[in-house]
Ligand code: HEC
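Take a look at this single chain in structure tokens; it is the form predicted alone.
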Amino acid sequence: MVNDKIIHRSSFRTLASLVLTSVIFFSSFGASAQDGEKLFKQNCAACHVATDKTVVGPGLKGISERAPSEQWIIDWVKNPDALIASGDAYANKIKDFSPAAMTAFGFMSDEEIIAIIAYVNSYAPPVADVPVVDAGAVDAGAASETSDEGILLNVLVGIAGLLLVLIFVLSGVRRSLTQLVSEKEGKKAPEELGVLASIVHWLNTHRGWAGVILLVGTLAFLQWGTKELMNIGVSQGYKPTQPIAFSHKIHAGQNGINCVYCHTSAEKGKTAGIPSLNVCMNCHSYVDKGPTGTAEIAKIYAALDYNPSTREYGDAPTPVEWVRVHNLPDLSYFNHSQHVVVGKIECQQCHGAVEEMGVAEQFSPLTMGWCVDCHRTTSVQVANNEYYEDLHERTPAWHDGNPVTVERIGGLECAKCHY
């Protein structure tokens, strides 16, 4: 009887250990698989894409079918030189494919590499939603917007024109009646006044109407002037021609290069930063021809004093004078990392669909009103956000079911943006 109890307890412990081990294994695998896309973008996207298109290295689509085994892929990623040196036929075939040496990722675990493989195998190119735009509706909307904005000015101009016509008509009638009365009485008709003198005479004799006209004219001028002044410094739609024709549509859209690969400081500092040409050369030291030919890439080589034939750099590089697209006044403070990392705001929310832009342009107005509206309506992602953990715990009032907007945590205080 005692032996049966001992055997039962032993079996139970063994079963419990197996279940616990399985849960831990599959949980860790799930977490790794979930991070496959992130790992791919951090480590692989500079040279590879998840499709069959070749960038610096070959496209990774179908890698599980092409490679000898999954373990072979793991060994290759961790130490490709060792695999080549061992005489592996497939490794040497890949070496001959591209002059760019494969970087060793020995710091990556097997689970992380498997997660990347799973992401590549399940990758499907995003299908862009192209909205069907009714040209008539666009024209009608634009006309409606123009009408709404300038309706007061148009009415005032119409009233002023009508009054001028009435003044001329009444002045003519008055002159005719005066002349008829003078002829009937046998008197000499008074001397006729000019147009300007007639207007001045009418205004002097009709002080009430003159005041109304002056008031209406002043209001119309103020409305027009205010509208024009509010547009000073607003460059929405600004799309300058750059010294080197760079297409975000090709790089960020078709090739799927992550924004922060080029704009490295967007997650670390105040500005997103203009990438140096050395970043371009990570790919274009091997890719010397684009959709428009070799002319634009040749400008990169010329600026770096780089000889693509000998693959050597000269001693006379020259800076590229890029034209700045987005520019905030000095009195405004904006931090990219605060919005991108802490606020978890996507680049497209402020910059528009950059991955569809052949030429970069200013998508948003970047006015104070635009920023304030965003702070009033955008919910702060306080849940599972380490930056807000302490604040979240100390502020139970947030748990009222209403969205925690930037406004509720002081995002409209003047000193937040104007320092």
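Residue positions are given as counts along the sequence shown, with the first one as 1. Between two forms, the rigid core is defined as the largest C-alpha subset superposing within 1.5 Å. Predicted model only: the values in this text are computed from it and were never measured.
Not pictured, yet referred to below: the form predicted in complex with this ligand.
One residue of N307, Q236, S332, Q179 in contact with this ligand, assessed in the predicted complex (non-hydrogen atom, 4.5 angstroms): If I apply the 4.5 Å criterion carefully, the residue I get is S332.
Using heavy atoms only and a 4.5 Å cut-off, determine which of G211, P125, G217, P275 is in contact with this ligand in the predicted complex. Looking at the other structure, the residue within range turns out to be P275.
Look up in the predicted complex whether V323 has a non-hydrogen atom within 4.5 angstroms of this ligand, and give yes or no. V323: contacts this ligand in the predicted complex.
Even though the partner isn't displayed, in the predicted complex is D88 close enough to this ligand, meaning a heavy atom within 4.5 Å? D88: no, not in contact with this ligand in the predicted complex.
So in the predicted complex, is this ligand close enough to G106 to count as touching (4.5 Å, heavy atoms)? Contact check for G106: no, nothing within 4.5 Å of this ligand in the predicted complex.
Although this ligand is absent from this view, report whether N92 comes within 4.5 Å of it in the predicted complex, heavy atoms only. Answer no; every heavy atom of N92 is more than 4.5 Å from this ligand in the predicted complex.
Stretch 335-355: residues contacting this ligand in the predicted complex, 4.5 Å heavy atom cut-off: If the 4.5 Å heavy-atom criterion is applied to this ligand in the predicted complex, 335-355 yields H336, Q338, H339, V340, V342, G343, I345, E346, C347, Q348, Q349, C350, H351, V354, E355.
Core-superposed comparison between this form and the one not shown, V287 Cα displacement 2 Å or beyond: No; that C-alpha moves by less than 2 Å between this form and the one not shown.
Any CA movement of 2 Å or more for I84 between this form and the one not shown, core superposed? Yes, the C-alpha position differs by at least 2 Å between this form and the one not shown.
Rigid core aligned, does the Cα position of N384 differ by 2 Å or more between this form and the one not shown? No, the C-alpha moves less than 2 Å.
What direction does the V382-F40 Cα distance move in the predicted complex compared with the shown chain, closer or farther, given a change of 3 Å or more? Those two alpha carbons end up closer in the predicted complex.
Using the form shown as baseline, tell whether F40 and N384 are closer or farther in Cα-Cα distance in the predicted complex, where the change reaches 3 Å or more. Here the pair is farther apart than in the predicted complex; there, closer.
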